[in-house]
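Okay, here we've got a single chain as structure tokens, the form predicted on its own, with questions on binding and movement later.
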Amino acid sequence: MNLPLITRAQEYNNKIAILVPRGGANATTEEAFTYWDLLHISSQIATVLLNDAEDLQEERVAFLVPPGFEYVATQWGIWRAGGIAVPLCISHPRPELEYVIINSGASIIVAHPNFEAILRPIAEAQNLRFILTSEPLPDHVSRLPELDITRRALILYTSGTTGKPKGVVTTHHNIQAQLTSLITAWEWTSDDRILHVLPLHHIHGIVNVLTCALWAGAECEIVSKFDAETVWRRIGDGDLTLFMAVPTIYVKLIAAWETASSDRQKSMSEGCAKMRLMVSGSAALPVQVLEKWQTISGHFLLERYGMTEIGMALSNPLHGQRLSGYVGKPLPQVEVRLVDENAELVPAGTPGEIQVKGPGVFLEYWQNPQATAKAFQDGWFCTGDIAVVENGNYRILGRMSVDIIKTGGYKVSALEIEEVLRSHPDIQECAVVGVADLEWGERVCAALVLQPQRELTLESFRSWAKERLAVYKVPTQILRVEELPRNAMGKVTKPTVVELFRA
């Protein structure tokens, strides 16, 4: 059978699917690609990937392409050839890219020419096939394989409590369940037009925005990188129906609105008023940000809760009362429960761990059966997040683990960062923590015990770390300490480390 995503796209043939600014992020004209363009070019890309084979049979294809039409066509090409798409992050340094490529066992790397210098050496060292998106596409299209929706489709890497990121594997069926749940809840239609400003190696950008739009036959306008002025200009045009972002982006949009002239502010606010829905997710939304945005835009942001492993699980209602500080109720097709440490259900008003079940829940952690088994309890996925139900609505209280930091919509592992920092010649010991912050949700901070007679500036430390870690994992503050606070068992007491930064 053909994938339902592809079959549906054929119904929208001549409709615009993807819009991209011509000549970069600040361009004022757009280039439009129809569903037919997407189907045609993705079939040519699939032909290149197949290279005379009949089916990629779930080979992993890692790809690094900037946000835009080429990204979408590449992802669809991988799927249509029978491969598993492994999107790489455009801001990651070589060690992080190499880790994902090697861990996923990718056999092919597809890269935009901008990333050839960083990826070709990895491909050569690992003896992998390397394809540039600038290479000419074939005139003929080979016969594409028939695909079952139970096949693996996507591997996204997410930080866990055990250091290195794990590959979360979702099937086409899982993705379809995630899409149809959101399309039902948020009433997507083919008349929608959304502005896409989120990273495309993350579930929020890939599923909630891009693939929901394409499933619905809507228009998805993709900007290559977030820029507050560009986003406000597009909102001011008044033709968007949906917008989804993380709290950090709303903070930046508020700051830009506040510095605009009163005439400009008026047109910005009027553009917001013409939209039917604005969503915030991937991190907790501070109440003052929600209230300020409501004043500016007239929208009470819809907050929802999800994870790479489960897609979206909870959401405030599209129609009806939304409550600040709450993430609403379970979405269609999703079951949610709260349990205590003995896996017993907790009564209403008592905090418990969120556990989720449903067809959108991921298949497995890539080649990590122990971690997969540990993540489930009687068929329920254990999120590690603590919540309480009050008047039928869920309120998130935080993580069970202090070693998970949520910053700017990303979930990062303190343990992974610590492992890298310990390799610095001047650092003897370290403790990485998240410190509450209005703009980022949490800031990544590191308490350092230096080697004797060594000095370290924040600037030199950060430039060293950026060569080894994604920029959002690099601590924004460091604190030099004589020794790290520890409990009787010798374990570092992270709440005390947080207090040191607050002081």
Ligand code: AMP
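Start at 1 and count along the sequence shown; that's the residue number. The structure displayed is predicted, hence computed values, not measured ones.
The discussion below concerns the form predicted in complex with the ligand, not included here.
Of the candidate stretches 117 to 125, 366 to 374, 282 to 290, 95 to 103, only 282 to 290 has residues whose heavy atoms lie within 4.5 Å of the ligand in the predicted complex. None of the heavy atoms of Arg234 is located within 4.5 Å of the ligand in the predicted complex. Residue contact check for Ile249: none of its heavy atoms lie within 4.5 Å of the ligand in the predicted complex.
None of the heavy atoms of His196 is located within 4.5 Å of the ligand in the predicted complex.
The closest heavy atom approach of Ile396 to the ligand in the predicted complex falls within 4.5 Å. With the partner omitted from this view, the residue of Gly205, Pro87, Gly306, Gly358 that lies near the ligand in the predicted complex is Gly306 [heavy atom within 4.5 Å]. Between the ligand and the residues His299, His173, Lys406, Arg322, the one pair within 4.5 Å by heavy atoms in the predicted complex involves Lys406.
Taking the ligand as positioned in the predicted complex, the only residue of 324 to 340 that brings a heavy atom within 4.5 Å of it is Val327.
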